[in-house]
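Only one chain comes next, encoded as structure tokens, the form predicted on its own.
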Amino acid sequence: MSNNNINLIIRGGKVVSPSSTIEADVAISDEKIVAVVSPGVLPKAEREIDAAGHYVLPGAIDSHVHFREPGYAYKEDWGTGTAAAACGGTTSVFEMPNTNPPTGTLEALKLKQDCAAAQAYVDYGIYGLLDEDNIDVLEDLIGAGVSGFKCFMGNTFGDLPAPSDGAMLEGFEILARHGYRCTVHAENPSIMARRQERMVQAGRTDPLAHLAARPEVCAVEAVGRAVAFAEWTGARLHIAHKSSKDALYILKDAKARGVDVTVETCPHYLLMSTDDMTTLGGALRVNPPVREPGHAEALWEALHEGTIDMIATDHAPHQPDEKSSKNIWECDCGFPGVETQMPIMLTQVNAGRMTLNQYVKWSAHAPAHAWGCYPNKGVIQAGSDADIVVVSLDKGYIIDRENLHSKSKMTVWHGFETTATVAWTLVRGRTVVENSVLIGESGWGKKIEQKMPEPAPQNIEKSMDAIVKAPRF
């Protein structure tokens, strides 16, 4: 094979897919993978990475991050957030709309697109907001380049009010016609608001009060409602940050009926419980909350059986003083996670909780399919984007909050001892992290190219658009 058009070769590593692990060399030309071949076949190239003793993975695709800009850039901006992603082996991110202004108008979307284009180290998609008052601009947001939509059924940072059921259903009808996926924060806001108010009145300010305000039934009801709306309209649905076992049966049954619903969970739900909440306090306040012991085991089982499709992080940075109050209601919800996800989860591979092939499926392959960017992303094969991570599974480190690239020098994983390390991260063939050091160029990241499957809307004749245009008698 001629090396005239080869810019870089990754030699000597073990290339991992959901179905296989093979010893292979990977040739890259410009932004694409051009060959994955047996060792020794490729001629010498000008630039090479010696991956001997390492594993070569498709970069992680995180379907759920908050980079806080515009509006809260003191917590995080697109530069620091995507630098953290790159250092953690994540090469593509989908960023949430609860910024200031929220990404629910064309003007707000353009503002965020400009921030991302100027600063991003990794490739990105930007969610549009689906709320009560912007149903008439959803199609404009699609035309302007959003990657999907987010509907906050329950309250979270930014205090965006949940849309009425009527607005949510009408929004799903529109998204179904275009084939776009809508992520939902599936918790019942009425139950949570009433319970929190009653506990505040009763003087409950302890860490577990946050959990008590958001019982599992909040998710059971909201997941069921979201699935019903998606099935009725034919809209594609994504359930964010699944934290509890109680609504898993709804999702399993929906998938069996052919509903296009995908589900994510996060490392803190898989590995933490209320036992950690009592020691970490407000640092671990997150929506939805970590649950009592027993839920994590059910989430692991749901990953293995396919009810949960992928691992995301809900990267949600705040400054340490915003998380340190003794009054749990005064602590902002969320914490950074995009930089620590891969080392933590690869540590679980070493511990036997999953195989490396399963990790690749859940961190890259499944989200690439869900968001219409496969096979450009999520796989190491000829023709795909050269989004590649080279990792060591026999060299770990102790996570130190001071070493995070996020502006938020606060992590619930401080002191966690990993058994794996991200050594190199390539985004479209460009080395962004080398020997675990960020060397990439801010602004290299670009909007992810997506091609969703053909839309399959249902009950079109009963949609809002149909009934308001129906002939009058």
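Start at 1 and count along the sequence shown; that's the residue number. A quick note: this is a predicted structure, and the numbers were derived from the prediction, not measured.
Missing here is the form predicted in complex with a small molecule; even so, the following discussion is about that form.
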- Please determine, with the chain shown alone, which of 443-451, 65-73, 421-429, 408-416 has non-hydrogen atoms within 4.5 Å of the small molecule in the model of the complex. 65-73
- Listed residue (Cys266, Ala120, Ala316, Cys151) with a non-hydrogen atom within 4.5 angstroms of the small molecule in the model of the complex: Ala316
- May I ask you to choose, among Gly282, Gly334, Gly179, Pro163, the residue with a heavy atom within 4.5 Å of the small molecule in the model of the complex? Gly334
- Query: Could you tell me if Asn287 has a non-hydrogen atom within 4.5 Å of the small molecule in the model of the complex?
  - Reply: yes
- If you check in the model of the complex, is Ser147 within 4.5 Å of the small molecule, heavy atoms only? no
- Query: Is there any non-hydrogen atom of Thr156 lying within 4.5 Å of the small molecule in the model of the complex?
  - Reply: yes
- Task: Determine whether any heavy atom of His238 comes within 4.5 Å of a heavy atom of the small molecule in the model of the complex, and answer yes or no.
- Result: no
